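Shown below, as structure tokens, is a lone chain in the form predicted on its own; questions about how it binds or moves come after it.
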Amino acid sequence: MTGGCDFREQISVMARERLESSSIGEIIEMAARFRALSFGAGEPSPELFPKDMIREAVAEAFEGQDVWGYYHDDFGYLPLREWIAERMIKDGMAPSWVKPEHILLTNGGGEGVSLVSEALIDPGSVVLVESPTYVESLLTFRKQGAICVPVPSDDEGIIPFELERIASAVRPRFLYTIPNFQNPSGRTIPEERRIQILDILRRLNLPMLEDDPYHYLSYDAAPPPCFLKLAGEDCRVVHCNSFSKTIAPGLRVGWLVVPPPLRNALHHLRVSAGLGRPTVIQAGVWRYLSRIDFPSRVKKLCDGYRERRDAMLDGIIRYLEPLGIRTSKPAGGFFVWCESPDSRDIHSFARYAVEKHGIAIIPGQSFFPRGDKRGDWAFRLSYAKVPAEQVNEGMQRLARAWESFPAVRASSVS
């Protein structure tokens, strides 16, 4: 089509300058096209979705009289919010002040991050992020106009000394962290370090956005207490969570724990974003949760993912460590972070590995703010969607690709 409006003068600064494609979509598309075994998808395994029970629960929800019109509590379906508040208190995730009125249901965890960004970020605001961090959250912060400043991390997450040094210099709006089994690094911040981080935030009067979707996927021991719980009555932690990992991502049901000082702002933002979220789905999720033993559900998930995690860690010892590749050793979640012993072009390598060896990985550049080159020599693996019996084959393919890649010029990879 030619002629007509090209929108060149109308397209917003946000759409024109703040948004960009990541290499993740490219690699996922290539993996499908070449029918590769994929360590790329950071998604739950469909075999572990409780499909029949969810179908039944949602069908029953349609029989209710409160799901067909607008649901007039803008924070979402009250019985589900009551279940979440009670569960978080019971599991030691939240302090006693957290009640159903502090639970805001969202369209997955991503909308929670977006709402907090709208509430706390102005164009030019600084947001502190872990290094590396979740690519979609980086995109959300940039879309709102933030400058994302990375805080150096080690195998135990954010380094407190570096956090204090950087935060004192740049006056950020808040700190963003995924404290348990982080995406992409797989790291978990230990309790002692969490206490140090909170002490720094108190001294500098800074809030935190705690993104904790992998909390229950702990395979070796219970995770440390949430920042939300450790902060107690301080109320500086906004906690974001989701049922995407414990039930199914397609339901798009997540939540925020909203501190009282932020409640009005987030309420207004929720109303401005539309007249609620699908009540029938929230009601179906509540019906499902009300009839199961949730700890048993969590145990089943952990048993399934632990087997895959252990298979990948075994493959790392057998195939990657002899090549000098340094990796994280996650105690839960979905991800392993790998760092190259040399300066090869990981993006070109990832494309080569898919096309020539049938194995997909995610290059590390996507997980750092613009201009940060530390991701150029790193990559992420995910074992979540790969059956344990296929992990060993995938690790062998990855090792063969790694050994043969130096002889291949990046420009020759189509």
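Note that this is a predicted model, so its numbers are computed, not measured. So that there is no doubt, residue numbering starts at 1 and follows the sequence shown.
One more form of this protein exists, namely the form predicted together with a small molecule; it is left out here, but the text below deals with it.
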item: Listed residue that, although the small molecule is not shown, lies within 4.5 Å of it in the predicted bound form (heavy atoms), from L128, I178, C226, V336; value: I178
item: The unique member of S218, N183, S153, T279 whose heavy atoms fall within 4.5 Å of the small molecule in the predicted bound form; value: N183
item: Residue stretch of 185 to 193, 237 to 245, 268 to 276, 319 to 327 approaching the small molecule in the predicted bound form, non-hydrogen atom distance within 4.5 Å; value: 237 to 245
item: Residue contact check: G358 to the small molecule in the predicted bound form, 4.5 Å heavy atom; value: no
item: Y214: touches the small molecule in the predicted bound form, heavy atom cutoff 4.5 angstroms; value: yes
item: Non-hydrogen atom contact R252 with the small molecule in the predicted bound form at 4.5 angstroms; value: yes
item: G110 within 4.5 Å of the small molecule in the predicted bound form, heavy atoms; value: yes
